[in-house]
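What follows is a single chain, given as structure tokens, in the form predicted alone.
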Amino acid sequence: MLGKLMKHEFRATGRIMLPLLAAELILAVLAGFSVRGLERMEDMSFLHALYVLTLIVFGLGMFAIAVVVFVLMIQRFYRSLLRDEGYLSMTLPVTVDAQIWAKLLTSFVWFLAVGALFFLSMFVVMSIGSYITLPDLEEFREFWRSMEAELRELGVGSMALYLFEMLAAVFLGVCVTCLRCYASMAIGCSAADHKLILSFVAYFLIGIALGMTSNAAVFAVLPRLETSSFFEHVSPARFMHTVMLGNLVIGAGLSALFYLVTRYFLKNKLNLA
């Protein structure tokens, strides 16, 4: 049933996101040609202003897409579970967990798509605007030899672990972002009145609690690290893995906490009136 819910979510969100992603790629091509045109021009003209305007629109478009995917993530959860559509959603033969996971995984895919779009768009702009060409064979061999030396020094196992940790950190980062919003909205919509205001209040109170907790943890740990010989006996690679593991544990803990809060309020405290 989770697959069917996600299919419905992608249909509802794809109508907005896919045209925006396609439009931004087209703008990336135009921005690349604008960069190339600006390099050739020596004086101000209408064409110069048009090139500059294209680059500005490209940058604003990327920012707008990031805002849209965030707003869409909030809107889909709010409208389909906490507004009038919630009467229908909560009567479907699916669990609350499936409803939450469908929204969460769909949001993750779109956040990932926006991130991929950013790198692809920048590559397109640089490729067209700076005349980037594929390196010749000798340059490629030299690059590969240097990469082999770096990988040999770091270790394939350590490199694979870094990659896994980075992917897991991206996933948990999106989960924390989405589930914090979900939990705030679920708390706010448990009230009879002023649901949106209470949702914003819950979001900011959660932020304050997280800030105080992180500051307390930093003040508790830093003095011990400064007075210990921790850094003398730990290699830089192991230290980085330790930091990444700590971030993953924190991300997983916050995701679980926000998920349980969201689930509890949706199952026991939801007020659709």
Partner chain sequence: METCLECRALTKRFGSARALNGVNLTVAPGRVVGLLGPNGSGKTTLIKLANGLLTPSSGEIAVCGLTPGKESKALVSYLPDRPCLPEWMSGEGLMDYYADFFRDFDRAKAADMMARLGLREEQRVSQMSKGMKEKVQLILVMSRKAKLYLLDEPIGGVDPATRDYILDTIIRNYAEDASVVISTHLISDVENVLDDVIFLRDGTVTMQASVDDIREQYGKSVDALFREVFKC
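As the structure is a computational prediction, the values presented were derived from the model and not from experiment. Residue numbers count along the first chain shown, from 1.
Keep in mind the form predicted in complex with its partner chain is missing from the figure; the text below concerns it.
Novice: To verify the annotation, which of these, 112, 159, 201, 94, has a non-hydrogen atom within 4.5 Å of its partner chain in the predicted bound form?
Specialist: After the contact test, the surviving option is 94.
Novice: Tell me, which of 163, 116, 197, 88 has a heavy atom within 4.5 angstroms of its partner chain in the predicted bound form?
Specialist: Of 163, 116, 197, 88, the residue with a heavy atom within 4.5 Å of its partner chain in the predicted bound form is 88.
Novice: According to a 4.5 angstroms non-hydrogen atom cut-off, is residue 84 in contact with its partner chain in the predicted bound form?
Specialist: Output for residue 84 is yes: heavy atoms within 4.5 Å of its partner chain.
Novice: When the contact criterion is heavy atoms within 4.5 Å, does residue 12 count as touching its partner chain in the predicted bound form?
Specialist: Contact check for residue 12: yes, within 4.5 Å of its partner chain in the predicted bound form.
Novice: Where does its partner chain sit in the predicted bound form: which of 76-84, 176-184, 163-171, 121-129, heavy atoms within 4.5 Å?
Specialist: Among the candidates, contact is made by 76-84.
Novice: Who in 3-24 is close to its partner chain in the predicted bound form, meaning a heavy atom within 4.5 Å?
Specialist: Residues within 4.5 Å: 4, 5, 7, 8, 11, 12, 15.
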